[in-house]
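Given next, in structure tokens, is a single chain: the form predicted on its own.
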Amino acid sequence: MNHFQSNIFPMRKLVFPGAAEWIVVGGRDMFPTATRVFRAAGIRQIAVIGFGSQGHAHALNLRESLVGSGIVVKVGLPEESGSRQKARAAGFTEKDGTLGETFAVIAESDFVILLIPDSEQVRLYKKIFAALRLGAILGLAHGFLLGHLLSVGEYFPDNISVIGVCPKGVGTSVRLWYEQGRETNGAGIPCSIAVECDLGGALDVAIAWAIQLGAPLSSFTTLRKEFLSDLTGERAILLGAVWALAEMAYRRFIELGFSEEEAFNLAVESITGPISDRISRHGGLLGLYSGLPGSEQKIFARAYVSVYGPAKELIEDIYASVESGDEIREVVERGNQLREHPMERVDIGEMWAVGERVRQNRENFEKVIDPMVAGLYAGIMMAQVDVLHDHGHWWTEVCFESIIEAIKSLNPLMHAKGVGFMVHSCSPTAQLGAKKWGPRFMSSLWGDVLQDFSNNPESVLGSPLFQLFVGHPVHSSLATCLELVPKEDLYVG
């Protein structure tokens, strides 16, 4: 049981198969309480270090939530940073004391939220630690820095508190959901919360941060579990695997004689539209399957059984690579190169140009769930669910990192503007992981998986593997989690 206790914020117990977990329910009505927690902790200035996707969202959301409180949200950037102009355009300026040089802002702030790229955190962490004032609170949006410190035998200073508030979506989604939440039942991105080092009161500060960020609910984890699930998920179903599946399915439909637009509609629009909607609103993964006609259920099951084993093997390899520190080391090494050589985009194929045409003419295409695509997608998702749960991750983390973040935060970005917009809205760590592991999923899908699917036309509905899917405990766990998140779609524009 991930039991955390707050004497300030109301907590809710969730009962899952074989376990109970606790969450905190957020909402705009909790903003005043969260503000009082900041004040009681001596927080008069919050530093947001970095103004990329997450930095931009955290700075704007916190400033808006804290308006009239007297608590200053100040952005810290290097003097030469190209993001300074973006920060000024968003209303953070040197003149009014809400924009300053990185280390000066760190040194004068009570609560420092570190949102620069992961490789930059690794490059600068010793200088950052030295700049933090005694008793300050260091906030992280995920556990990458801890992963690096553990891999080199180091740790955080013992004179600060360290907390994590980790949104289950990219910064673009964090901001857009917050804006929608002004009028849509307090909609926002769910977060996970971790307390790594506590000099006193750190848990309540972390909860207050999540609430002010707009989270409608916050679940609990550890920074170690968070970076393991986060890096694994973005390399698998969240980015790398769904990109690979989309490209493989498109090629498959072209070979079968479909037009380019029809192939894109079946391969990509099927995932980002009706498949995601069915999972989100109509019974989860089991509802995705049971809502299909009988003949299509057989195709779904064949695809599921064909992909589950190979996908689980790949995801186990990813998890082991993250756990060993190899993925973290690669990000640090490549991050140094990316300062001089920008990353190539992932949407360079002809199919993604076809996608532009389809999105401009959606009224001409029927929203269709292709059963093969649905079965492959569900099979990869379930493989990730089982890898994370087998490694001891709690059900809330499993459901959000493997399913809800995909359908509620990331797929809407691909639906709106294509795979490039989705992948490149994410951190360099996520982009590098997707570019490394996506081709490996593509090779597996196009080779053994598709061959097995094509060579085994018999029904597998009664097979032990598919029956494990039908009776899997994730279905009730997912239903519980989906009840807690906003029903509205993320509007990307």
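Nothing here was measured: the structure is a model prediction, and the numbers come from that model. Numbering starts at 1 and runs along the sequence shown.
Below, we turn to the form predicted in complex with a further copy of the same chain, even though it does not appear here.
> Decide whether residue 471 counts as a contact residue for a further copy of the same chain in the predicted bound form under a heavy atom distance cut-off of 4.5 Å.
Because a heavy atom of residue 471 falls inside 4.5 Å of a further copy of the same chain in the predicted bound form, the answer is yes.
> Quick one: is residue 69 in contact with a further copy of the same chain in the predicted bound form, heavy atoms, 4.5 Å cut-off?
No - in the predicted bound form, heavy atoms of residue 69 and a further copy of the same chain never come within 4.5 Å of each other.
> Quick one: does residue 283 come within 4.5 Å of a further copy of the same chain in the predicted bound form, counting heavy atoms only?
Residue 283: yes, in contact with a further copy of the same chain in the predicted bound form.
> Is there any non-hydrogen atom of residue 298 lying within 4.5 Å of a further copy of the same chain in the predicted bound form?
Flag for residue 298 set to yes.
> Counting only non-hydrogen atoms and a 4.5 Å threshold, tell me whether 257, 349 and 356 all contact a further copy of the same chain in the predicted bound form.
Heavy-atom distance to a further copy of the same chain in the predicted bound form: none of the three under 4.5 Å.
> Tell me, please, which stretch of 463-471, 34-42, 434-442, 49-57 lies within 4.5 angstroms of a further copy of the same chain in the predicted bound form when heavy atoms are compared?
Checking each option against the 4.5 Å cut-off leaves 463-471.
> Scan 81, 93, 290, 159 and let me know which has any heavy atom within 4.5 Å of a further copy of the same chain in the predicted bound form.
Only one option qualifies, and that one is 290.
> Which one, 200, 153, 392, 294, lies within 4.5 Å of a further copy of the same chain in the predicted bound form by heavy atoms?
When a further copy of the same chain is considered in the predicted bound form, the option within 4.5 Å is 294.
> Note that a further copy of the same chain is not shown here; using its position in the predicted bound form, name the residues of 127-141 with a heavy atom within 4.5 Å of it, in sequence order.
Going through 127-141 in order - heavy atoms within 4.5 Å of a further copy of the same chain in the predicted bound form - there are no hits.
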